[in-house]
Each structure stands twice: as C-alpha cells, then as structure tokens.
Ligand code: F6P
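Taking the form predicted on its own, here's one chain by itself in structure tokens.
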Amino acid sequence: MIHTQAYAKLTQHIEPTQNKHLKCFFDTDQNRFEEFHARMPGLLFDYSKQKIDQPILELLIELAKESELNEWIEKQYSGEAINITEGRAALHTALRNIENPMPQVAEQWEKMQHIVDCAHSGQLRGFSGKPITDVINIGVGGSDLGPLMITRALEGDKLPTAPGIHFVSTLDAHQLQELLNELEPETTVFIIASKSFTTIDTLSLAETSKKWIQSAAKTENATMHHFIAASTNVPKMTEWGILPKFQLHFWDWVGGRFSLWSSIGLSIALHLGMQGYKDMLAGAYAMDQHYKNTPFAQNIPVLLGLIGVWNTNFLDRAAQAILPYDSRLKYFSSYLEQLEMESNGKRTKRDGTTVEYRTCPILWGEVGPNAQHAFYQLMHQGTEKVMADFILFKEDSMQNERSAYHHNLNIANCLAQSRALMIGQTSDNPHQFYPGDQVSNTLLMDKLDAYHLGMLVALYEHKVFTESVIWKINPFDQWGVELGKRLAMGILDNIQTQNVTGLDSSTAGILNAIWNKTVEQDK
C-alpha cells in the first residue's frame, strides 16, 4: 500500500484534512450529500459525513486500482486459491448463486429442504415417535454467531410451523444445562455445526447432549435420530455416529465466519422455511453482483472499504462503532466483530513480511438507542477519534399508529446522533462542550427482512475483502485463534494431573489457587 503513487499523494491531504472541522465540509459545499452517496436497489449509502472531498475520493479509487482490487475480486469469484496460507479458495459467494448454483451446493439445498419439510410437517420425530418441537444448534464462532444473529433479527418472520431454535456455544455448559432443564429429550434435536468436526468446545457440548438423549432413548440408533451435523469432515461425522441422512456437507473453501451461507445455516432455514433462507441468499447475491460489476466510484462495498482505509491509515482512527437503529439487530455488531477482526486483524502481509501500517480497527457496537445511554459519551466528549456506521430502515415493520410514532422517534434519534457527532456544540461551560468532528456513515435500507439482511451481511464481507486487498493481507485464515486452542489442551492435561510443571508462574499460581479453594470447600 505505502509504495503506491496514490498513497504518496494521499499523505499530502492528511494535515489539511485533519485541521478542517467536519462541519466545514458542509459549510463550503451545499450539495455535499449529492456528491457523496451511492445507491443500489434497497440500499442508500451516505458517506457525506466523512472527512473526504473529490480529490481524496479519486485518489482512494486510484489506490484501489494500483492495489489491483479488480483483479483480486475476479480471483475470488473464479475460485482461485486466494487463501494462500491454507492453499484454499474463498468461494463463499458461490453458496448464494441462486441463478446458476454449483451442483454440489444445489444437492445440499435439497437435503436441507427435506429436513426442513419434515420438521415443519411434524414428520421429524424422535425416539418416542413424537414430533420434534425444539432444535438446539451447537457451534462456536461462525457456526454460532451467524445463525444466531440472523434468526434473532428475523424472529418476527418465524413460520408458525417452525420448531423452537436455540443456540449453545459457551464451553462452560451453562447455556446448555439451562436448555436441557427446560426441554424434553424425546422432542429435541441437536445440530452439531462444526467445519472440522474436531473442535473441542463443540464436541464436548455434543457429548453432553448425547448422554442426555441416551438416558431416555436407551439405544444408540434411537439416540442418533436426535442429531444432525453440518461439516466438511464426513469421516468424523460418521465416526461420531451421525446417520447418513442427517449429514449435511460443505467444503474447505468456506471459511467459518462465512459459513451461514452453507448448510451451517440449517437453523436459519428451519426458522424461516427454505424459501426464507433462499430469500436471504438472494439478497446476498444481489450485493455480490453489485460488488463485482459496479464501477468503484458507485460501488458501495468498495467505497465503504476505502473510507475505512482512509480513516485508519491516514486520519489515524483506530476504533469503529457499529450502530444499528433496530433492536432486532442486537447481535449484528457481535457478528461483525468476528467478521472484521478475525479477517483483518493481521500483522503479516501475503508475502510473509510484516506490515508497516495499521490494519483492522478495534470494532464494537450496540443497538443505537441503548448505546446512546452508554458509550456515546466517549464519542461525543471523550479523547478518542472514532468512526461510526449508523444502520437505519425506512419501513416500520409493525405498521400501526402506535409503532409509527416510535419508528419516527427512532429515525430522529439516529439522524440527530450522527449530526451531533459531526457538528458538536460550543459552550462557555466546559462540561457542555462537544468538539464534534467525529466521522460516520449512514446505511439506509428499505426494510429488515431476509433479503435485505442478506444484502447487508454480504456488504460487510466485501468491505472487509476490499480493505484486505489494500493492506495486502490474507483475510481468510485465523492462525491466531489456533494458538490459544492448542495451549488450552496442554493446560487441560496439567489440570487433570494437578501438575503445574512447565507452566509460567501466573498460570501455575492461578491453578494452585483453584485447587486450594476446592480442597478447602471439600473440608
């Protein structure tokens, strides 16, 4: 990045841009919104509240071209092994190609359709012959966050015939135990969602669930009618005992944090019905086509990514807030935390050298009206310069007189907060002084449904890829995650033997404290 001509030219704009207050951009340009927004069907992207002008925008687009973004987009869509550290493609976009699906993808859709139809018609039955009423999805990371975020966001679109959908991810087993206390073994099915089918977190929870079913079902065959699995590892699914008809497949070219588009999304399909699930795929596919075919100057994911690079690498903003103004998107910021920070939280370039610049910002967020009474204080009057994405929906989903007032109040709050962050407030009282000059984007979508939510998620995926190309990093591996897992298994051996040999003094001290406490309690 830093060796491009565009980068050198952009550095000349840093000081004058930093010294110009954001509200002055509007004072000197009455048509600023018209110049700095982009549209596609169902979505308006306003980036006029960024510290950017036409020369800067043109240079950012030039930076994308010099970084060969077009070529990298083509490599991704063609299935080239752009995940170079693992020798894999990153072809999750193929999972939502509803116009011309790959045969193996269409085959999995058919298997999902059959399971969904059986569940909704009461023909998915447990060991006692009673219809299944509840499904527990066991997974971690992308195998949990994606389906959880989608189903909770679209809770109002749940079909009347759908089973209850529950999610378990925490290794401490509290989530699982609470559910097992509430549900009945004979009417509960588990989805084991694991790309490798070797993740200790997932398998330990699955084993506990298996024992729970076995205690009531009595036989192995009866027990295994309560387990469905989605994985790339067919031998491991078979070894665990998953029946062939309940084995759903996907492929190593699907990264975990992109896996909701694969058979990992079975819980979404059970919740919405297969048509609702495909509506979500269709929204993502529309964004895929926009990203692939739209010139950079009007390309929403590209613009979103380039603005992120401008803020991160030139304006020295290290924090990104995600602020959806719809309570149904409660888990959206958590989902994006994984998507962005696991993808671009890297210090090593594709060629193995160390980056000489900041990559991924620290990302966090919350539903906007809740966040207004929490961390907005820092954004308005704190010492940190941050960037924010406001997410807003035009349509009032409930569409009645009472909800219309609340919807309008919600819109007013969203627009007021982005404006307040921009203009600030002068005051003789230093405690009431707001410096303003905080940048933000606003994403205005027509409504929150499966189609538009699919579009929104795909937008951020492509934004992340755009930034990774500029930063010359591989966004599709996550070696840093693996280190902690590996060390955990070693420490587990220490715990089981109550031996601290080879551990650092801190880890050994904590373990000794745990064991001493246990001994005291036993006494």
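Just count from 1 along the sequence shown to find any residue number. None of the values given here were measured: they were computed from a predicted structure.
Just so it is clear, the following notes concern the form predicted together with this ligand, a form of the same protein that is not shown.
Pose source in the model of the complex; superposed partner this ligand; site open or blocked by backbone or C-beta within 2.4 Å: Here the answer is open - the superposed ligand has no atom within 2.4 Å of any backbone or C-beta atom.
Does N474 reach this ligand in the model of the complex, with heavy atoms at most 4.5 Å apart? Answer no; every heavy atom of N474 is more than 4.5 Å from this ligand in the model of the complex.
Considering non-hydrogen atoms and a 4.5 Å limit, does this ligand approach S67 in the model of the complex? S67: no, not in contact with this ligand in the model of the complex.
Taking this ligand as it sits in the model of the complex, is G141 near enough to touch it, meaning that at least one heavy atom pair lies within 4.5 angstroms? Close contact exists here: in the model of the complex, G141 approaches this ligand to within 4.5 Å, heavy atoms only.
Wondering, does E342 line up within 4.5 Å of this ligand in the model of the complex on heavy atoms? E342: contacts this ligand in the model of the complex.
Candidate spot S196, G256 and Q338, all three in 4.5 Å heavy atom range of this ligand in the model of the complex? So, yes: the whole triplet contacts this ligand.
Mind telling me which stretch in 453 to 461, 56 to 64, 36 to 44, 475 to 483 gets its heavy atoms within 4.5 Å of this ligand in the model of the complex? It is 475 to 483 that comes within 4.5 Å of the partner.
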